[in-house]
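The chain below stands alone and is given in structure tokens; this is the form predicted on its own.
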């Protein structure tokens, strides 16, 4: 039986509510499951264990029927009622829930009236006229649906970095542990820390390449063997991800690692420099009429060309070659430089763990401080805190800090930036906080000028410490809203506003391509996981990878400050920071 988590309980209840809506069931019954999901999400304690032991009777809002279903799910890993509900509909119908902007009511209308039960049939319907006769499906809505489908198709064979990383590292470790492997790495866009990937490129040094390609294609995760040769193999995993392996000699390994890491543009620039020195550089070695340099490590290739070694994250031909020639490459931030982080949620809003549990997890990660930034009152969908509840949380954090040793919680809030640029709480309340994260959570469709001015107005507030997930993008799902990022960066520099690097793998926002400009304007970032559960503090590792890709140094990252330093910094008026 797979381990049942709080998230599984919540998702199952929410999906039951969706299915009941599709069936047109009594709305009170539907609401009971949705309320149950919210109660499970926000319960302060180990609700999975309580459910497995059938001890939910005293929890307000969970009736007898819901108790029994949660008991069955938590104790067996499955729920017959849920499986029976799902079986009443075509499996392809559930694809429609993945489309942004299509809720249960619209999906029900499409299914009941036009028999639309898949993305394919929806796309065909949008090309005709019948769909526009349905209430709520005007030409503008249909256009948005087609755009959403187009985005989904465009990203169909791409994967998010955070989605791939755990499995990628598992497979790499497996290769490293093979007795015939002397060196191994993942090259390609993964090594360069691109936010989305098409495939994984594994490289090994071995004197027995045939044995390695056979080993690689025998992994349990393999769905399909695309090709298997003496030194190369390609497989497709069960999740659809393609993985390629190249086995080379130990002598050729540094050259292959450099070449297959890329990018193509970076490699072209390197080969051009080599040619000017009478050398030819390829994936196997240096050749030429001149004295050939000795190469044992990848860094030796760069040294032979008169360059500093370029960190893989920077290899996009965006100025790194020229900086390496001048010996002016930045000393990039590293994960162990982080001392704390901001923008984290608890069960007070839509998080899965309590304030105390989040603090304990931060301490386990070796952090000195943790910022709590639950949602504000306008984010009703995320159980946003009212003014009263926020004041209570501030007091709770102060009480925690009185007893804590060598660790501190900071009281913050992820405050909604309203459509007109005003904030969701009054200045008097914001002044009671240690810091404030200001974020956009609605009205994504504003024109660029209005959206830009909306965020600028928020930054001009003296209580706004940092901006959260700047562009609102969800990688491979939702495009960023229209925004003039240059103006935002310039305003951040003028108002001394931090721009967070939201390192939730779905976001990785602000995009890495803008961080060099922000750094040059002395705009600080805070690498924030936007953690809604304790294990999501691990997202910090992705944030550091993307910060490095954006040329950021330790001094460019706010949360590399020690506890005493960050306390002093937060105590300063905004314009003096």
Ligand code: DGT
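Throughout, rigid core stands for the largest set of C-alpha atoms superposing within 1.5 Å between the two forms. Positions refer to the first chain, counted from 1. Model, not experiment: these values are computed from the prediction.
Same protein, other form: the form predicted together with the named molecule, not shown, and the subject of what follows.
- The closest non-hydrogen atom of residue 349 lies beyond 4.5 Å of the named molecule in the predicted bound form.
- Contact annotation: residue 192 falls within 4.5 Å of the named molecule in the predicted bound form, judged by heavy atom distances.
- In the predicted bound form, at least one heavy atom of residue 271 sits within 4.5 Å of a heavy atom of the named molecule.
- Using a 4.5 angstroms limit between non-hydrogen atoms, residue 82 is distant from the named molecule in the predicted bound form.
- Proximity to the named molecule in the predicted bound form, defined as a heavy atom within 4.5 Å, singles out one entry of 260, 111, 137, 407, which is 260.
- Distance criterion of 4.5 Å from any heavy atom to the named molecule in the predicted bound form singles out 267 from the list 148, 393, 383, 267.
- With the named molecule omitted here, the record of contacts in the predicted bound form names 183 to 191 of 465 to 473, 183 to 191, 372 to 380, 341 to 349, defined by a heavy atom within 4.5 Å.
- With the core held fixed, residue 536 shows a CA shift below 2 Å between this form and the one not shown.
- Residue displacement note: residue 41 has its CA displaced by at least 2 Å between this form and the one not shown (rigid core superposed).
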